[in-house]
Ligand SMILES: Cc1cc2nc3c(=O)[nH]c(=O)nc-3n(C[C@H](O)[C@H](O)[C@H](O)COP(=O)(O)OP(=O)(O)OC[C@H]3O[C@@H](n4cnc5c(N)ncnc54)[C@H](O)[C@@H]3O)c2cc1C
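The data below hold one chain only, encoded as structure tokens and taken in the form predicted alone.
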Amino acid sequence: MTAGAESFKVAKGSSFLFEDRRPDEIFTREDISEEQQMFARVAEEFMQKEVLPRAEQIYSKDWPVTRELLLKASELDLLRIDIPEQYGGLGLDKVSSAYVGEQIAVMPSFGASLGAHTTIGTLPIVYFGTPEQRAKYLPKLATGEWIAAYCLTEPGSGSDALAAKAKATLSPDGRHYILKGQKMWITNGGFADVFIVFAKVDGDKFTSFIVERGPGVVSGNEEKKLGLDGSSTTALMLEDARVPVENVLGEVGKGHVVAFNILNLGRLKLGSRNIGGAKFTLNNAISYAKERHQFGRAIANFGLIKRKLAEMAIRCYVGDALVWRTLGMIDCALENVDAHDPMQALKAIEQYAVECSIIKVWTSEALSYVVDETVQVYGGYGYSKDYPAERAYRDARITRIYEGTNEINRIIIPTRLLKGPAKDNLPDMEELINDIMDRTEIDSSDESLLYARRVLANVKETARLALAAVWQNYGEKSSEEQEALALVADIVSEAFAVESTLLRTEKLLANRGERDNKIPIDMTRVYTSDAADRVALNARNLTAALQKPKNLGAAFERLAVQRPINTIVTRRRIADAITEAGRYLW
């Protein structure tokens, strides 16, 4: 756990929408301890000295090289961070694990291989394995002797995982399950030794199994992919694979509990990798913009290039605020459970499913923005394989698809809120709307964060009102109204993003003063202003789709009113700061 983490307030999952926080109550990137930074430096040095020099072999799909590098990663303790000490691991906090994930993002293909092994491949056994299963598998996964993979998707079932057709039939002697079926898009599929496989017992009991490579377990050909072409992705054929009954992971018929909780953890870990990749790509864009000259000067001096660089920096700053705040909340929650009871730990993590889904959607789309604009900064060279922008663009595209598509996660966000904390905290619609209509408008815009905090209050109110309106109109059938739910999800996500960013900046000001944090203030003000406009647009579209209450639109409009700020000048200051430094600074 982080040094002094006990001083941070334990916040329940989704409470951000119904409670206010002080800056000193949240964890930010600036709170990462020296010990945690040490692990990140080890990972960074490993990637620079061991992995990147062998990029050509990795991209040529030389899997023995990838396995060799995974073994070296283990020697540096990079595979054992999340594994309990009694099983050969380090049993460290989620912040340390995510910080390592940020560093491996410098090469997304190898990062995918390592990340799939340590997260969705290993964590099912950490959290759902019996003592015997954990003792058998975790030590070898910790050393890299065995590499793990996760097998959920099938040719006919992607987002609808429970529609899987893979079958598990108990053998006549009751000692094995016979698995038949096919899995798709398996990261590490070409060389993994252990697979977390989901199949239906007796045709209907969705169940998780630990499957070792052996007779009846056959990897397909390597997929010809748009990106991540230095990672192994194959189908997995199960041809009467005999799996001992003791290799059932969790309970028969409860495979969905394993699948969805592990994907939740995967979304959390993906956030730091996404933002790590965005920063790396932004730094490339900054360097190129300073070197490339047109009309007698560096393109970094042109206004529209400054706008791009500034917005990329803003997305990195906000993404960090989201990711590290959530990681801090989870680590604080884990402080209050028995470290030797994995199910307690999992339950503590599960309550942050909404935040994890927000992180997955927000950071993947932020990364997509950064890599796209980096191609634009490079111009024609961005389209060339000889320059780094092209590969970053291709590698980033998958992040909006795996670990649950962004569409699925946009449904998860409001659905889970309406089934949990929001249902218990939904306001009285008529009373709330009357209260909103009686309020005075936000009086002015200024250069401080006071105005941003007032805007935040209105964004959060809009989110609560949107949830209540959807529930009033659709009730238990809300889950069928995907377009409306997506609008609400984006409003809720902006509320979390704005608050996380504002709290991070306020904490910086409290600790270091305004003089040294003028650019974070600028980034916070620009993001808050733009986010409020996006929220207003989504609220208007939601209003048009709903029948009641009749004054909903007027209330949304009252909450949407804000004074414009000069984002042109503000973005120029941000761009000038990172261009002068030659890199992203925060």
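All values reported here derive from a predicted model rather than from experimental measurement. All residue numbers are counted from 1 along the displayed sequence.
In what follows, reference is made to the form predicted in complex with this ligand, a form of this protein that is not presented.
Checked against this ligand in the predicted bound form, the residues F128, W324, Y150, Y137 give one hit for a heavy atom within 4.5 Å, which is Y150.
Proximity to this ligand in the predicted bound form, taken as a non-hydrogen atom within 4.5 angstroms, holds for one residue of L418, A497, M184, L449, which is M184. This ligand in the predicted bound form is approached by I398, whose closest heavy atom lies within 4.5 angstroms of it. Contact annotation for I349: none of its heavy atoms lies within 4.5 Å of this ligand in the predicted bound form. For V455, no non-hydrogen atom is located within 4.5 Å of this ligand in the predicted bound form, even though that partner is not displayed.
For K290, no non-hydrogen atom is located within 4.5 Å of this ligand in the predicted bound form, even though that partner is not displayed. Although the partner is absent from the chain shown here, none of Q86, E212 and N247 has a heavy atom within 4.5 Å of this ligand in the predicted bound form. Of the candidate stretches 152 to 160, 467 to 475, 378 to 386, 269 to 277, only 152 to 160 has residues with heavy atoms within 4.5 Å of this ligand in the predicted bound form.
Contacts between 95 to 117 and this ligand, taken as any heavy atom within 4.5 Å in the predicted bound form, involve no residue at all.
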